[in-house]
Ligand code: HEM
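Shown here is one chain on its own, the form predicted on its own, set out as structure tokens.
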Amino acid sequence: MTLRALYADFVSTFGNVLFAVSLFVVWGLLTLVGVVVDQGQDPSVYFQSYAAPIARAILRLNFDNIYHSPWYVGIIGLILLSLTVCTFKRVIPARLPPLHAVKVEHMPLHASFDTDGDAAAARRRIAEFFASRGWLVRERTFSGVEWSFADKHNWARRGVLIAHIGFVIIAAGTTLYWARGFSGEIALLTGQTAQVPRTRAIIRLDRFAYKIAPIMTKSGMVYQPIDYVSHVTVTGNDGIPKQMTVRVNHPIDVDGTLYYQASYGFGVRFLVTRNGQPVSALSNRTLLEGESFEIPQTGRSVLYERFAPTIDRQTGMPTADPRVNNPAVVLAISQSGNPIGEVVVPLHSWIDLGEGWRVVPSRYTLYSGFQYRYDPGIPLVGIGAFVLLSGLLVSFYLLPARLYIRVDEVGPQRVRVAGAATTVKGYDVFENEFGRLMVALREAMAVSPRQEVHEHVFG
């Protein structure tokens, strides 16, 4: 009895629609956390971006890798379990009801008429009538009373089940990505070679090119990047270097991992001198936007904020023109972590930082940003999406209906044919079709105008 009670509680909980909706809400919130919080970063990044208590909570709750966390995988498992219980305990019994007797006159959609003949012949003619119109006819006897059941699009009752199967396949595909897939980003300067983590592929950026088109709008001239292309040499698992081209929305495939053209920018090499002498430790690096370096023994730091391709020669300020013409860099200077200010420094000019230190942006180099992704679950997700869409189309555009037909003898060679109908979408959507069917059945049974007819149609 204890096991039965536990099983009943389990079915009642996981078969509850509100419980399933609550699980989806939690899943959506966890997914939103994964969108808001950058995934897979070094712990120091979170302490720099958030207050210390929030950063510690992110790390302790695995929100920095939420898609592989026990919370995320667990909620997916609970959703699948709830769908399974709902499918077999609620959906299947509701959409695939067993054949059973009904009280025809109590059904919202019913009709009846009298006709001449015996009951057996009437049932035979009814079966022939519905079979000729594509209905599946079955006969059953309940408590000594014979019933005829006619089903149309009965297989379409499984549309919801098909949709559920599609969702399960999609969930399996995404689970496969969480278990074996990965993604990341990499930025390469022109001429630079790097090895991609996890894939061990070696990529060299041979050349990067971009196109910018001026477009006149109501607010004035704007400059729109219309294309940027990376020409790379890639060495995969076979050890053979291959020259390939990466364009926006046209990734390359290297050993099953896709590499996308994601961004581009300008790396800048700075000449750092003290009392006129170059400091090689600081002058041999090419910085990307957002990177910084410390000035030894001063407490000062220099942050390379962004590259300004075109500087207005009169005002000395950056313009909206992204084409390289009179370029400069925007630097942010801080002292012991406290911002001092920003300064625009044209290329080949300099900024003095005091105590004999000078920083000169000497030259720039284009870099290309790539996103890479390995997702072995893509085929399953595609199949699941097709199955899900098929199930939804079946559910929305086909109308499974069941007719309950009972023939009773009301006198010598006199019978009464009573019919009722149900559908999975209510009664009103089938009202007109049911009326036409009963009229056609009455005519097929050769009802004369003098014969008594009893009808009640819903609505």
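The shown structure was predicted, so the numbers you read here are calculated from the model rather than taken from an experiment. Numbering starts at 1 and follows the sequence shown.
Not pictured, yet referred to below: the form predicted in complex with the named molecule.
Student: What is the one choice in 79, 229, 234, 189 with a heavy atom within 4.5 Å of the named molecule in the predicted bound form?
Tutor: Selected option: 79.
Student: May I ask you to choose, among 167, 364, 367, 135, the residue with a heavy atom within 4.5 Å of the named molecule in the predicted bound form?
Tutor: It is 167.
Student: Mark residue 425 yes when one of its heavy atoms lies within 4.5 Å of a heavy atom of the named molecule in the predicted bound form, and no otherwise.
Tutor: Contact check for residue 425: yes, within 4.5 Å of the named molecule in the predicted bound form.
Student: Hey, in the predicted bound form, is residue 69 touching the named molecule, heavy atoms inside 4.5 Å?
Tutor: No, residue 69 is distant from the partner.
Student: Is residue 17 near the named molecule? Define near as a heavy atom within 4.5 Å, in the predicted bound form.
Tutor: Residue 17: yes, in contact with the named molecule in the predicted bound form.
Student: How about residue 126: is it within 4.5 Å of the named molecule in the predicted bound form, going by heavy atoms?
Tutor: Close contact is absent here: in the predicted bound form, residue 126 is far from the named molecule, nothing within 4.5 Å, heavy atoms only.
Student: When you measure heavy atoms, are 107, 149 and 441 every one within 4.5 angstroms of the named molecule in the predicted bound form?
Tutor: No, the candidate spot makes no contact with the named molecule.
Student: In the predicted bound form, which of 111 to 119, 349 to 357, 192 to 200, 384 to 392 comes within 4.5 Å of the named molecule (heavy atoms)?
Tutor: Contact criterion met by 384 to 392 only.
Student: Go through 66 to 90 residue by residue and record those having a heavy atom within 4.5 Å of the named molecule in the predicted bound form; state none if no residue qualifies.
Tutor: Contacting residues: 79, 82, 83, 86, 90.
Student: Shorter or longer C-alpha distance for residue 17 and residue 422 in the predicted bound form, given it differs from this form by 3 Å or more?
Tutor: Distance between the C-alphas of residue 17 and residue 422: shorter in the predicted bound form, by 3 Å or more.
Student: Do residue 402 and residue 17 move together or apart in the predicted bound form, judged by C-alpha distance changing 3 Å or more?
Tutor: Result: closer.
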